[in-house]
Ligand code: NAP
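Shown here is one chain on its own, the form predicted on its own, set out as structure tokens.
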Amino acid sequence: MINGKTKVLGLIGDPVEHTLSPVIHNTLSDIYEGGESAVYVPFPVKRGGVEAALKGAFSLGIQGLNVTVPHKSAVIPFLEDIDPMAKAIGAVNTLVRGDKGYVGYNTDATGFIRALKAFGKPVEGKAAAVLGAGGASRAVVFALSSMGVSEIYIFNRTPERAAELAASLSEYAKDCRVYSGTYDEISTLYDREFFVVQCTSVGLAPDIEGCVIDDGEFFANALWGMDIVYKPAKTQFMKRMEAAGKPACNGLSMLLYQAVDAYEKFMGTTVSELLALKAGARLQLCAGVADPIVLIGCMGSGKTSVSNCLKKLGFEVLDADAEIERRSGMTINRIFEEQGEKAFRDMETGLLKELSGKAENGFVLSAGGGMPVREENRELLKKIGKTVYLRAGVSTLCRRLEGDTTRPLLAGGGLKAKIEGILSDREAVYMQTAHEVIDTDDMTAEEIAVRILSF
């Protein structure tokens, strides 16, 4: 609801037409309960127009602004105040309305810290290899210096730029050793534990085949890696890491959390992790990098409820049982009674063959409970997308299925014994099919949906 009390937020930069920031901020505003409403709009501002833009924004009562290229440093002389880390970095991306003007922050740095924590990999006491020495690298190295890393190695194509960044970081981070060099010197890391943050634009769509490092030994020695590029969802850098058996993630979580941190500053509030990840789901969809999802599990495990939650976030959902009923013009009970279970399983396999390899961004398949029993189906399910086993205990399933007369395999009474038998028969095949397992007994459908979409 937009009214006279709605706060106006925005983004200044050039260009701004491609930005995904409105997706995050307007989603947060839509779903946040207990705060004031806000609306977020991108404003194109040409070089040389920053001072006039800030004066106009302040006069219009705009509560907060994000700043993107080419203005992240150009805005600094026109601010009322600036956060110490943003000042040290020499760039701001978030402006919060003060008494006489705007106060500058760098949530690229704090967003990176939060994204790294969400990835769950330890950094304290370890060496960090940062690839690239541009604007993104500045935020990353200053953030890393505050997280307890022992050493930071900045590698860049041109050594002068890497040395300049290393020198400015050394002045700020007294307890962290900082080195710089070219990519040819990267083997100096191989005698220590190090992780990698890829901060160049190499590998960014449409040039998705590029990788800034072409040394297999580098990937073999690294602990894990993060690429700040998020499109494609799996860059060549990430593929090289994973081929060496090392975990890797992209930069979409950094994009999300820098916006969440900015929103909290704009609105003077705290965004829960649940709400942040809901916004992240919309971000994945709009960025075109939401992997197809397949939900498997015993009847009553929550596949339908979780699918409905994902549908509310914008995902396209196909319920396999409902689709088979639609195509056959018969209920599943009737198919079992008139044609037998084998005929029904053949219908399932036929549907999976159609879907295999065709599922696109934002697609969810809610699979029938018995679909994975066939070996052929297990392989087809895994080809469609990320397969998630929603696992529930016998008591939970009994509670959810009590009184349900639509399940042919539960007909005839003895609910608990039937569920125990089904789980005994299927647990192994569910585990063989799953890319991820979620224990759902003590979780709501919404919590499960957000867990599936976590970065």
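Being a predicted model, the structure only gives us computed values, none of them experimental. From 1 onward, residues are counted along the sequence shown.
Same protein, other form: the form predicted in complex with this ligand, not shown, and the subject of what follows.
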Query raised in the report: Okay, which stretch from 247-255, 217-225, 287-295, 264-272 lines this ligand in the model of the complex, with non-hydrogen atoms inside 4.5 Å?
Result: 247-255
Report summary line: The one option of 200, 106, 301, 366 with any heavy atom within 4.5 Å of this ligand in the model of the complex is 200
Report summary line: The listed residue (90, 314, 134, 122) that reaches within 4.5 Å of this ligand in the model of the complex by any heavy atom is 134
Report task. Indicate whether this ligand has at least one heavy atom within 4.5 Å of a heavy atom of residue 345 in the model of the complex. Result -> no
**Report entry** in the model of the complex, residue 208 touching this ligand (heavy atom, 4.5 Å)
**Finding:** no
Query raised in the report: Would residue 161 count as touching this ligand in the model of the complex under a 4.5 Å heavy atom rule?
Result: yes
Query raised in the report: Is there a heavy atom of residue 229 no more than 4.5 Å from a heavy atom of this ligand in the model of the complex?
Result: yes
